[in-house]
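Listed next as structure tokens is one chain, alone, in the form predicted alone.
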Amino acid sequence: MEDIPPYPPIDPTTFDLIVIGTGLPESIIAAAASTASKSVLHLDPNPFYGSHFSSLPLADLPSFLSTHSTSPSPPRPRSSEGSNEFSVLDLSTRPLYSSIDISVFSPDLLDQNSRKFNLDVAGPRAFFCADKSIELILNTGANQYMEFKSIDATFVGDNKGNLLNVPDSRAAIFKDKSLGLMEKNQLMMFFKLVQGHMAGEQDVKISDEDLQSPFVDFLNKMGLPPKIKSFILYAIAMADYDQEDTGVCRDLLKTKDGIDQLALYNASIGRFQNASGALLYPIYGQGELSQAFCRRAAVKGCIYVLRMPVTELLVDKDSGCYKGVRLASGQDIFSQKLILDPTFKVTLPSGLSPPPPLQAKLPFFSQKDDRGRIARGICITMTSLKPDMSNFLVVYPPRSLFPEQATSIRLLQIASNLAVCPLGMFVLYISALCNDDDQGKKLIHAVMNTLLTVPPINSESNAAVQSETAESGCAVQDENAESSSTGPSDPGEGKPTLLWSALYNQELTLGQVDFICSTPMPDGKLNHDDLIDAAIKLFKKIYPEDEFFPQTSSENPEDDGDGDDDVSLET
């Protein structure tokens, strides 16, 4: 980033909006503003799209994490202070990742295939077939730039390595051999009640009092056994914290929200003909979503410049109002509005005082907006966790791995048929909310130790991997293999051997809306709905009179996405 390529000057030099960073919220806002006929300049210091929402080659991921884990270097000397009209504020970066641990157990094999990986920085993530992300992709025409594949199944795991299938329909409940007859009847009756409530049937309507009560209390009232409650709370409603321990639960799920999540899950199953379950994953990784909205913005006239750091902000000396940015190339660009990636913070050059209007605002904007942390892990293996399945989600409810586990842990296995890794390999994404680095590592290691064989880092590692490769035939499992619902799977001695892993903790920061606006970091949710809500809120704040993605007649075939059938799903 120190060697700035010799870019020609950007022309024009004045825009309605400048967006710095091509993460998902920034890309959505850029596309929405461009669609609303705003002139937009979209900059990114990285040579790729997506920022903290990107999918990166194996060789590039460690350097990206490392770059964003250290305090910023001293600001470079300023070539000129600006005109008499402007004060100059430094734009520096803040460390957003910590406790980074990269382990390589098969360097020769991975070096040969390094560029064949597309690893999600913010995994695990997936789309519900009926969630806000899919609706936005369809309504904006971004579906023209993406392809998806169905996630085969969802499982609930335990500390013995068992993976229990989560039944998501009446047919699945009847076929599931891990459920007893009484459990099947209880689950069927509960789903019938929920479906009747959603359909507006008066005789099965859930009372307002129950809807405002904790969801776990409602499930207890329904007499559901612990295993069924765990399935519903953590594998379908996707609760993050232990719902039965109010002392540690930071987000107690209300019945209304739980029912809404069940409705989303139910509406997602069967929405698309080629989708076997409720979840989808984009081919080439989650970074494709940011790129799709960037392409949508470009079609509407947004100008893109990558590899271009922004070093300073220009503010009016008298009013303290934002006026523009100074690029690393030395050029000043002006705009009415500015959106910042969460990487950046605004600081005052040493020894200078801000204009009076900024004296109260600047400390607030520059402070660390820390909302907690999320531990993330990426593992690469040569064999699937389940021999008959390639792509699936595993949820570890609170207390399922060890007594102190207060949060859910999610694992998403993705195979080479989604173009995220070489043929015959699998990528596992793991995440869990945590309070600190030590707790985060303990949560991720608990899953790894349960499901994987972690070899010592020595010369014998490659031999173990080569042996496993020979046994597996170095081939992806049958993509069309039917989901097994025969009950628990016991990996035992057949646990996949770890080839490579990256463990790191990420700060959870919310966006800020002030004299300068910033976007949030990736959150701990499985889907993108909360991030999309944040992007919409930010857009409405800066453009209260404009419609978010107004419907217009198609002027370009690329713009024209006109229905559910336009979601491209590979079988």
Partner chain sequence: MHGRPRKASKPEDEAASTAKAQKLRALQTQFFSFHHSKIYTKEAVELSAKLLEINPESYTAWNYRKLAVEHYLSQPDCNPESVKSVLDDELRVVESALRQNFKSYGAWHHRKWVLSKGHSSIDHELRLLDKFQKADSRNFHAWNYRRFVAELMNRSEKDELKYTEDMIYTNFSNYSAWHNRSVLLSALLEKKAEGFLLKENLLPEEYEFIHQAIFTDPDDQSGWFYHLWLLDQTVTTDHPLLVSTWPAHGSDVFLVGDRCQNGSFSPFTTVLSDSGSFPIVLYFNQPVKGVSSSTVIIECGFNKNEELLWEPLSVSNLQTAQVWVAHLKFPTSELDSSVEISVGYSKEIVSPRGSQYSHPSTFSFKVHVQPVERDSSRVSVAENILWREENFKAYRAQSEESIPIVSFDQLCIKNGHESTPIVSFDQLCIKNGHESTASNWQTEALAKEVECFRELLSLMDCKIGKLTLARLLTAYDVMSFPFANKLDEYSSVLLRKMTSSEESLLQHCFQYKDSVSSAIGNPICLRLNNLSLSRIRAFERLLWVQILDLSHNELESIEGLEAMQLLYGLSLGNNKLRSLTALEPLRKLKSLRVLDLSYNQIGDHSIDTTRYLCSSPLSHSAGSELNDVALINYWEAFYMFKDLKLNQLDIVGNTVADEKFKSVLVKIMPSLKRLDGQLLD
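Note that the structure is predicted; figures quoted are calculated from it, not measured. Numbering follows the first chain given and starts at 1.
Quick note: we don't show the form predicted in complex with the partner chain, though the next part is all about it.
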property	result
4.5 Å heavy atom contact, Ile283 and the partner chain in the predicted complex	no
Close approach of Gln186 to the partner chain in the predicted complex, 4.5 Å, heavy atom	yes
Non-hydrogen atom contact Leu181 with the partner chain in the predicted complex at 4.5 angstroms	yes
Any non-hydrogen atom of Phe334 within 4.5 angstroms of the partner chain in the predicted complex	no
The partner chain in the predicted complex: contacting segment from 246-254, 414-422, 196-204, 171-179, heavy atom within 4.5 Å	171-179
The partner chain: the contacting residue among Lys116, Lys317, Lys192, Arg399 in the predicted complex [heavy atom, 4.5 Å]	Lys192
